[in-house]
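Only one chain is given next, in structure tokens, and it is the form predicted on its own.
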């Protein structure tokens, strides 16, 4: 009986037992914080989904013949797509659209990759070099189109300089760069505008990767060509994919440069859609929506194939 009255025994008996840790209780603050974050951005998400998602749904409905505000309600009908896809002009316009998009994106990548490597290096005029690369980003896109007209037109600056140097007898004899289906002026404007974006994207990827792998390859005896193809290019491949996707989507969707600098009929698909929307007959707007939906479908297929190819590339390198 005295043993049970020992102070140590009484202390142990009066000590409260530790409560079991409830994982749900411990995780509730994090869950509440996540719900609070979602609630904070919910108004913005609702607005974005309402504006962009509603516009996409409305465009698809119009392309299938639903436009009661114009007095047209043929939903569901595919005659607008049939009329478009069975036309030879549509495929010619699609070919021009893809040609301008692919050519400008590829040329921009070829220029941007060495520029990004040079931008990641430190040299005496590196700040001036970086400022010159960023300069086109501050110039509006339409100003670039106007500069192309002033510089590359048959009565432009280059033609007058060539005539003053005696290369041609008259500025009108200057080689025609604009207003042709070759699209040299269109591609030049696209490349001029997207090279700074691509260069800065790739240089950011290079800065994040660092110089450790390059220095290790140099120590192992790799030359400059081997370092580029086996070290630098695989490192910047994610930046190449993201930058090229954004620029390609912009190139095939822009209509200002093809409208002003293009060769006319057949037009690119964005210009064709714009002409349908500008027609006095409101019924042609449904045909224009069919053009827009067709362009989105084709670009989505190309982008999906591109991403699948990149995923296979990464899987072959063991990074996925």
Partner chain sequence: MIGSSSSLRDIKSISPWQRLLVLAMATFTIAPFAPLIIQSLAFRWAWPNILPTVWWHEQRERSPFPLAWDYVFSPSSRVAEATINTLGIGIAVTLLCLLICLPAARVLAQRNFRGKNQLEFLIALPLLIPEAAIGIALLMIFIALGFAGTYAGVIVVHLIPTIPYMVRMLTAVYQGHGTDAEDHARVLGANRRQIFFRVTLPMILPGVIAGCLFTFLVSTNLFLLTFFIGQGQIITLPTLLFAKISGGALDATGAGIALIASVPGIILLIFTDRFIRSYPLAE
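Each form is matched to the other, and the largest set of C-alpha atoms that superpose within 1.5 Å is called the rigid core. Positions refer to the first chain, counted from 1. What you are looking at is a predicted structure, and each value in this text was computed from that prediction instead of being measured.
Not pictured, yet referred to below: the form predicted together with the partner chain.
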103, 249, 94, 218 - the one with a heavy atom within 4.5 Å of the partner chain in the model of the complex: 249
One residue of 139, 175, 233, 86 in contact with the partner chain, assessed in the model of the complex (non-hydrogen atom, 4.5 angstroms): 139
Interface membership of residue 262, the partner chain in the model of the complex, 4.5 Å heavy atom rule: no
4.5 Å heavy atom contact, residue 279 and the partner chain in the model of the complex: no
Residue 31: touches the partner chain in the model of the complex, heavy atom cutoff 4.5 angstroms: no
The partner chain contact in the model of the complex: residue 74, any heavy atom under 4.5 Å: no
CA of residue 39, rigid core aligned, shift of 2 Å or more between the shown form and the other one: no
